[in-house]
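Only one chain is shown below, in structure tokens, and it's the form predicted alone.
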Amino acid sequence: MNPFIVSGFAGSEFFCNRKQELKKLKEAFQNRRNVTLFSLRRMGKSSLIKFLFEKIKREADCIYVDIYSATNLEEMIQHLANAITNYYGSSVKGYLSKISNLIRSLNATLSYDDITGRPEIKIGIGDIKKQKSDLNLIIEYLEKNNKRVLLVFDEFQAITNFPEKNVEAILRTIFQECKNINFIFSGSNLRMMQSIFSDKAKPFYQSTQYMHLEEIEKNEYKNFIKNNFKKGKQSIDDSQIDLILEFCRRHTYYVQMFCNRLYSKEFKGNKEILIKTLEEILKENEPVYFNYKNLLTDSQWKLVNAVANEGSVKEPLSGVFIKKYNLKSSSSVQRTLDSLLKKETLLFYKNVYIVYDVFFSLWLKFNAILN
């Protein structure tokens, strides 16, 4: 099996480090503290959460709810109901009798997905009062569970775009009464997550323990990569690992993808294969990158190229940077910058501006060199 997993959680032997983060999450649960977990996308939050589930599954029922696709409160509640149904449907014998009371209380119907065969609850459409009532019934159902419950809402920042008024207040009012349930609120938009949990005027202000999932420590990642290549009877030297980690900014998904591809080629320390592998990845993604160009204005495309060429930019409004890349006035750059940050094409991270997509950034930089 290729040891460099690019999606899902395949077990602790394929998991690099995160010992301290895992310890903190486990300690928070054992001491009944709710947690706000945030990081960049594809940094490994979901895998870390699944790893935690493995560690505490005897103590608690661990339920994972991804609300990224939810566009309103009703859809969020539907996702929650289905996550509960799926969890007990796959882990509890006779689960129908276990959730029958919940189905009756919600006046819902139970069906099975045609493709996956998983059970799904369908809740009737209702106004905000019914939605609050449905959410209360679901939470009360979990509160009465024989085991403690860990309820994880992934991409929790989605609630800030819901059209209903006072969604944060509604959720906070219901969640704060829980005694048998602990929560992890996970998200990848730092600005929006901080707005929910750090704004004094917001209902969730200081209601959780904060955890920021950063890049895996360099030496830990180097050892992980080297050992896994060695187990596969392949060799890779330190300078080549350093190059991979530099190219990928130690961003988990991109490191894993690069190493996964390299490992599949039975890499024997050949630098030409390493560079060719990167070229292949970037070439395969070219249609996506050309589409990015179609979605951006000329000034936005020009600024993205400039940031990619630099790698990171601390002062994009400086005269030196603007002159170097023949950009417009500082006020024009500011407007363009704001729009790119909103689109999450660019990201302000650790006091510098970077292109969010690591491979896209490399593609832009290499094209600039070739041209």
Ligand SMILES: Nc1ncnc2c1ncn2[C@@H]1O[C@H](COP(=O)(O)OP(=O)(O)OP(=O)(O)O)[C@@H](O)[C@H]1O
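Everything quoted here is computed from the prediction, not taken from an experiment. Heads up: residue numbers just count along the shown sequence, starting at 1.
The same protein has a further form, the form predicted together with this ligand, not shown here; the description that follows concerns it.
Contact with this ligand in the model of the complex, judged by any heavy atom within 4.5 Å, is made by just one of 208, 188, 86, 160: 188. Here the chain stands alone, but in the model of the complex its contact with this ligand, taken as any heavy atom within 4.5 Å, falls in 249-257 among 249-257, 199-207, 169-177, 297-305. Contact with this ligand in the model of the complex, defined as a heavy atom within 4.5 Å, is made by none of 69, 77 and 123. This ligand in the model of the complex is approached by residue 15, whose closest heavy atom lies within 4.5 angstroms of it. Under a 4.5 angstroms non-hydrogen atom cutoff, this ligand in the model of the complex has residue 43 among its neighbouring residues. For the chain shown alone, residue 155 is a contact residue for this ligand in the model of the complex, at least one non-hydrogen atom being within 4.5 angstroms. In the model of the complex, no heavy atom of residue 367 sits within 4.5 Å of this ligand.
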